[in-house]
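Next comes just one chain, in structure tokens: the form predicted on its own.
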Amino acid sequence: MAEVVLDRVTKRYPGAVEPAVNEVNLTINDGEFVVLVGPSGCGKSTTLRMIAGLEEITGGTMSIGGRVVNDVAPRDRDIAMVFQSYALYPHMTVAENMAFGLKLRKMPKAEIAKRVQGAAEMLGLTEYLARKPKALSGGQRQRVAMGRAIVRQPSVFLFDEPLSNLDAKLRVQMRVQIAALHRSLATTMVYVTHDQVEAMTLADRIAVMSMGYLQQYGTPMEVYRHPKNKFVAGFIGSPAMNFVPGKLSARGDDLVFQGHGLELLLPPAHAAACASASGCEVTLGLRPQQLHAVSNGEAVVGTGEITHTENMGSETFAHTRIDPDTTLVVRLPGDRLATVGDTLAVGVEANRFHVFDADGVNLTRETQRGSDAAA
């Protein structure tokens, strides 16, 4: 059993005005792959280091496998950690690097050899066991670092931005490798990254952090489709969500958003959710993937000039200036010709938008959840 539970866990450094991590509540189930994600300085690595025992907890309770570990030394927590730096011994072979920790524990040689061979087969390193790190690529070195953790057979694996030093192609390959590793081992894994693509593709659940606070905790699609607030909505998703400030106004029995060249009639369920904000300043959130070029007489939410295009092959993202201060990124099919200077009439998928109040709270979150459930 390797459930990891953080109960109001806090980290405050001496002399700091604000805590680095502020009363984080998080339950990571046995065998679950959880990714802590957020911008630099949000507290995600500090949280991971508190789980590992490398940072002292200054408030709250941390437990692993039902045992409170606040005062337990790192070596006694039954965890293994993979860092951004491979930290391999250059004078040792791959096999010796992987076996080093087990030798320190005075494990029998036969058991060490068995574990090293098993990890090497799992990671595709069998033919490199006799090589030294200088003869390996970056991806191979990171796999050796992972193998060194695997042979320990811990209850919990901790990954601290392990792919940051790799190029884009290797990062994709290693993501696949790590996902396969989790399926094979079925061990609890906690993974820190600033890359929301890594979070979306690897996690069973994502914990989004900002300024030391846990902003939202849920499955990748829950966080993507139903963000709790403006920060989460803007951080998760690529390209980033479009935000347009404006005002909600009553028009007869309807509620209409207007601002910066956009006008959007809210459907009844969205209008009901936003009724308390009628007459107030709000922010409209529109994902590029839910925007499109209008055709067949459908409603236009805004019209503007294309100022830049990003042709990705299967799709094109058209940056469309709808007023002097506002540009929308709009997804178009890859085979649709879009040229800088063209005029684009923009439409949005029904119900596929968010309204955030002045505090950044998503007023339409539950309405959107209901729409997805009915679809």
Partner chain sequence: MNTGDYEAPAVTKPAKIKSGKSPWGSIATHAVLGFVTLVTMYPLLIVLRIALSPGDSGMSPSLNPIPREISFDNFVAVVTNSSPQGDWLFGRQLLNSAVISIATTVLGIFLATTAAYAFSRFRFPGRKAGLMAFLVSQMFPGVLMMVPLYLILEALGLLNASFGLVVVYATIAIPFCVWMLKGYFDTIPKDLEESAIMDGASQFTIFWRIILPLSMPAVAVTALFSFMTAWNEFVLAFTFMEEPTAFTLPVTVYSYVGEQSVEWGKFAAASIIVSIPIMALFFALQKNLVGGLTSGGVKG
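No experiment lies behind these values; they were computed from the predicted model shown. Positions refer to the first chain, counted from 1. In this text, the rigid core denotes the largest set of C-alpha atoms whose superposition between the two forms falls within 1.5 Å.
Omitted here: the form predicted together with its partner chain. The next part is about that form.
With the partner omitted here, the residue from Lys109, Lys134, Lys169, Arg183 that has a non-hydrogen atom within 4.5 angstroms of its partner chain in the predicted bound form is Lys134. Of the listed positions (Ala113, Ala179, Ala87, Ala240), a single one reaches within 4.5 angstroms of its partner chain by any non-hydrogen atom in the predicted bound form, namely Ala87.
Contact with its partner chain in the predicted bound form, defined as a heavy atom within 4.5 Å, is made by none of Leu284, His308 and Arg336.
At the 4.5 Å threshold, heavy atoms of Ala130 stay clear of its partner chain in the predicted bound form, well away from it.
By the criterion of a heavy atom within 4.5 Å, Met81 is counted among the residues contacting its partner chain in the predicted bound form. The shortest heavy atom separation between Arg152 and its partner chain in the predicted bound form is within 4.5 Å. Using a 4.5 angstroms limit between non-hydrogen atoms, Phe100 touches its partner chain in the predicted bound form.
Partner contact region in the predicted bound form: 69-77, out of 230-238, 69-77, 213-221, 244-252, criterion any non-hydrogen atom within 4.5 Å of its partner chain. Contact residues in stretch 35-54 (any heavy atom within 4.5 Å of its partner chain, taken in the predicted bound form) are Arg49, Ala52, Leu54.
Leu104: CA moves 2 Å or more between this form and the one not shown after rigid-core fitting. Relative to the superposed core, Ala130 undergoes a C-alpha shift of no less than 2 Å between this form and the one not shown.
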